[in-house]
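Just one chain is shown here, as structure tokens, and it is the form predicted alone.
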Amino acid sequence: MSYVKDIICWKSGASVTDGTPAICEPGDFPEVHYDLSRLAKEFDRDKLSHGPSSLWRYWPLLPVDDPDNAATLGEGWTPIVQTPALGKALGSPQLVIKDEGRNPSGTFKDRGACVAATRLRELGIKTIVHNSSGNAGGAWGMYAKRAGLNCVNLLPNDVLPASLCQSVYSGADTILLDGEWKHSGPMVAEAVQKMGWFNVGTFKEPHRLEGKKTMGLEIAEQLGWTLPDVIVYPTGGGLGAVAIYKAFRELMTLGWLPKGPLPKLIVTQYAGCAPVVKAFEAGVDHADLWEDLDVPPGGLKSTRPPGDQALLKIIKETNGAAISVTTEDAIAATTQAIDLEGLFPCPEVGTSIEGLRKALAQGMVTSDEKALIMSTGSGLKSVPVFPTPKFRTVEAGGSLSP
């Protein structure tokens, strides 16, 4: 039984019919609202501990009719890892990292794809399409197959091999774009009009946001129904960060979290694609198109983030910040995390590690605040981006001594 009350555009308040193209204007997006009063009466927070070790433990706060028929691969319920050595090196002794690389495709994108694919199947949608810099393409290929949907993925020509294989081998119609990535969105929009496919791109429909919201629900539960002081998030389109804070607000309304200030949001981007950082530094409420894209293969390629206004609003409300990091510094920070903690995050997460270092140095974050970095994906998906490692060789029968 769904607790969904309605779907409305976040900014304008216009009503959206589920399963139809959203009518929200640019900068706006469709958002699911729940009957939280009824949910609070009928569902006790403690029941969650008896649920599955996946995001489906939160089914009352998800927009599906039948969670028992979910198109699931066991996504979610990823661990929060203590990182004392990295925290000491950065000057943030209470630092923890939530490791989304444990998801089936290796990234947090599985959450949105899983919930959206489940709901779209319930609505009778047959073919979905979107543009992805890679990770979402891999996730959507896998979950569309799981749900029995046809999937069309438009990916950049530098897409990493792991994401490309996930998309192709799962049966998605996989198309590489030969040209500037800023043209990918309009190309998908044209295909939707011509072919009648359903656009599951970032903020184009409401269900991906709900799936990614489960990151915030897990953070609260895994921290004993408390929140960190700071969340550091590598940001492209902005969907994940917006979703996490939607979760926090819903939990406070339910009374499952004490009402109080939300965690300070620090978003990080590559210096070669930093439209949110540019907008934040200019003190404006929207991001302009980033013209000169210069980032490594992988995520954080959103040249015009569709969630810019909502994201900048959260940053302002939480006294947060937006910080850009060079590719070189991001990769160095990633390898530092591997060296100090044995974790293997993707380079996008390196922007958040280095971004937190900068935030501490500039006084945006203090050493006594508990910071949580969202590690959005596994480094296994980004191996070609890393420098060639140094190692020793030895002849068969030789000594392994240094």
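Don't overthink the numbering: it's just position in the shown sequence, from 1. These numbers come from a predicted model, not from an experiment.
Below, we refer to the form predicted together with another copy of the chain, which is not included among the displayed structures.
- Query: Would 164, 344 and 399 all count as contacting another copy of the chain in the model of the complex, using a 4.5 Å heavy atom cut-off?
  - Reply: Per the other structure, all of 164, 344 and 399 touch another copy of the chain.
- Query: Just one of 317, 288, 190, 291 has a heavy atom within 4.5 angstroms of another copy of the chain in the model of the complex, so which one?
  - Reply: If I apply the 4.5 Å criterion carefully, the residue I get is 190.
- Message: Counting any non-hydrogen atom inside 4.5 Å, which residue from 35, 66, 339, 368 sits next to another copy of the chain in the model of the complex?
- Response: Answer to the contact question: 339.
- Tell me the stretch among 95 to 103, 113 to 121, 198 to 206, 268 to 276 that has any heavy atom within 4.5 angstroms of another copy of the chain in the model of the complex. Flagged stretch: 95 to 103.
- Verify the contact flag for residue 74: yes if a non-hydrogen atom of it lies within 4.5 Å of a non-hydrogen atom of another copy of the chain in the model of the complex, no if not. Yes.
- residue 168: heavy atom within 4.5 Å of another copy of the chain in the model of the complex? Contact with another copy of the chain, yes.
- Although another copy of the chain is absent from this view, report whether residue 326 comes within 4.5 Å of it in the model of the complex, heavy atoms only. Looking in the model of the complex, residue contacts with another copy of the chain do not include residue 326, since no heavy atom lies within 4.5 Å.
- Message: Can you tell me if residue 23 lies within 4.5 angstroms of another copy of the chain in the model of the complex, counting non-hydrogen atoms only?
- Response: The answer is no: residue 23 has no heavy atom within 4.5 Å of another copy of the chain.
- Task: Taking another copy of the chain as it sits in the model of the complex, which residues of 365 to 402 have a non-hydrogen atom within 4.5 Å of it? Please list them.
- Result: Sequence-ordered list: 380, 381, 383, 386, 387, 388, 389, 390, 391, 392, 393, 394, 395, 396, 397, 398, 399, 400, 401, 402.
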